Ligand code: HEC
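As a starting point, one isolated chain is supplied in C-alpha cells, in the form predicted alone.
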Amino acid sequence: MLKRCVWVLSALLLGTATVVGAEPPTFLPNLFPFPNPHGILKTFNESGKLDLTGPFFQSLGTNGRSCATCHQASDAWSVSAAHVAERFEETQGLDPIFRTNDGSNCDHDIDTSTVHGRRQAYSLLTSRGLIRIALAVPAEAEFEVVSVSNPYGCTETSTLSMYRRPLPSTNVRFLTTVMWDGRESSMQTGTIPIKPLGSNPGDLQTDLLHQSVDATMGHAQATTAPTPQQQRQIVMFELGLSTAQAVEFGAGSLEAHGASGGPVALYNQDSFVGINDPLGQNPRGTAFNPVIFTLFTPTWAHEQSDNHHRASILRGQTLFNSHPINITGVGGLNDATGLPLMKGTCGTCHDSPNVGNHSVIAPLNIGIADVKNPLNPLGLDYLPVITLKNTAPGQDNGKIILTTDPGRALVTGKWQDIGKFKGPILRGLSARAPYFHNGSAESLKDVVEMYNVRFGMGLTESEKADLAAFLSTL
C-alpha cells in the first residue's frame, strides 16, 4: 500500500505541468518522496523546499534544455535509462533531452525526422542513459589514435565521441573531482584541482561555476554564457542538495530504529578533502578507517527479528566494510604506490565516510573501459572500439591499447591515464541505473559481479545479494 501511494503522489505532482491549462509547480516540498525499484528517494534542502524557478530549471540555451533536463530530482539528480525511455515514448522522442548535439549516438548521417529514426538515433540514451561527449585528442598527447570502430558513425580520430552517464548534481559538496575524467578540475582546462587544506570549498565552487558555463554553452547550445549571478545561483542550488534513499520497501524506513540512512543524516555528515584517505593524505593526520559506512546497526536489524531485508542489508554493510580484496593491476593505485598487490576492502577506493567516493583526487583504471578484458564480465559491444598507439619515447613506444574510452588521457594526454576515471558518490544508487561511466552495469547485482570477478573476491551468491541489497539503500 505504501509503495502504491507514493507512486501515485509522485505522479500527480510531476504530472501537473502536463495537465491542460495547469501551471507547472514552482517548488518541491522538502523530502518529497520519489519511488524507485527498491524504495523511496528523498532530497533534503535546509531552506525547507526546493525552488523550481531558478536558473537550474530555466532554458538558458537554444535547444529547450535546462540543467534539470539531464539532472532529474526523481533520478537522484541524474537520469535513469528507464525514465529516459519513458520520456521518449511520451514525447515520441521530442523531449529536450533528445537533441543531436550530444543526445544522439552520432551527430551526422542520421535521420531524426521520424519516430523510427529518432528511436535509432537515441538508442544509447534510452537503453543506457548515455550522453555523447565529443573530446579532442590533446595536441601533445603521448599517443595517436590509430582507428575508431564506431557502430553509430562518428569515426573521426581527432575528436572522439565518448558515451558517458550524467553524474548527479546533488551531494556535490563531497566532490574531490568534477566530471568522470576530472576535466572540470584540471589545470589543462583552466580549472583547479580540488586540494586538501585551506583552499576549499573555494576550489570546488570555482570548478562548479566553470562547469555551469560549459554545460550551458555545450549541452544547452547557448549563444551567450550564463551571467555570473546565474552561475552562482546554479552552484548554490546544487551545493544545497542532499539526496539519499530513505525507504527500502522490504526493510521500511532507513532513518528509524537506530538507522542513520536518508538525506538528513547525509546533510549532517562531516567531510573534508582527504578525510579518510588510505595513503596518508588526510590533512589532519588521522589514520585510515576501513569502516566506511555506519548507517545500520544490529539494533536496527533486530528491531523486527523476522525482517530478513534488514538483516541482509546489515550483512551487506559489513561485507562492504570488511571483506578482503586483493587489489592488483589498478592503474593509478598499484603502479603509483609501487605495490603490485595491496590488501584492501571496498573502502580502500571508496573511503569517504558514509558517502563512498574517494576523498582525494584519485582517477583509477579498474578495466571498465577495456576491450576484451577477461576480468570484466560486463558486455561492452554497444560501445566503439578505439585503437591507441604509444608515441612517447621509452619502453612502451609502439604499444597498442584497445579501449572504449581513453578517460582521463583525453584531458592530460598521458599514456598512463588511459582508462582512468573517478569513483562517483555512492548515494542514491537505486534511482539512477545503470552504473559505471558507460552504463555497462544494468543493475546493482551487475556491479557486485563486476567487482567479484575483477578482484577475485570469492563472494557466495548469498553474499552478492547482501552486498547489492546494501548498495540499494544508499
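As the structure is a computational prediction, the values presented were derived from the model and not from experiment. Numbering starts at 1 and runs along the sequence shown.
Form predicted in complex with the ligand: not shown, discussed below.
If you check the ligand in the predicted bound form, you find a heavy atom from every one of 175, 183 and 455 within 4.5 Å. For the ligand in the predicted bound form, the listed stretch (60 to 68, 38 to 46, 409 to 417, 23 to 31) containing residues with heavy atoms inside 4.5 Å is 60 to 68.
This chain lacks the partner; the member of 320, 143, 122, 296 within 4.5 angstroms of the ligand in the predicted bound form by a non-hydrogen atom is 320. Out of the listed residues 278, 262, 166, 93, 166 is the one that sits within 4.5 Å of the ligand in the predicted bound form by at least one heavy atom. The closest non-hydrogen atom of residue 358 lies within 4.5 Å of the ligand in the predicted bound form.
For the chain shown alone, residue 248 is not a contact residue for the ligand in the predicted bound form, no non-hydrogen atom being within 4.5 angstroms.
In the predicted bound form, the ligand sits beyond 4.5 Å of every heavy atom of residue 75. Using a 4.5 Å cutoff between non-hydrogen atoms, residue 350 counts as a contact of the ligand in the predicted bound form. Along 100 to 131, residues 102, 131 each place a heavy atom within 4.5 Å of the ligand in the predicted bound form.
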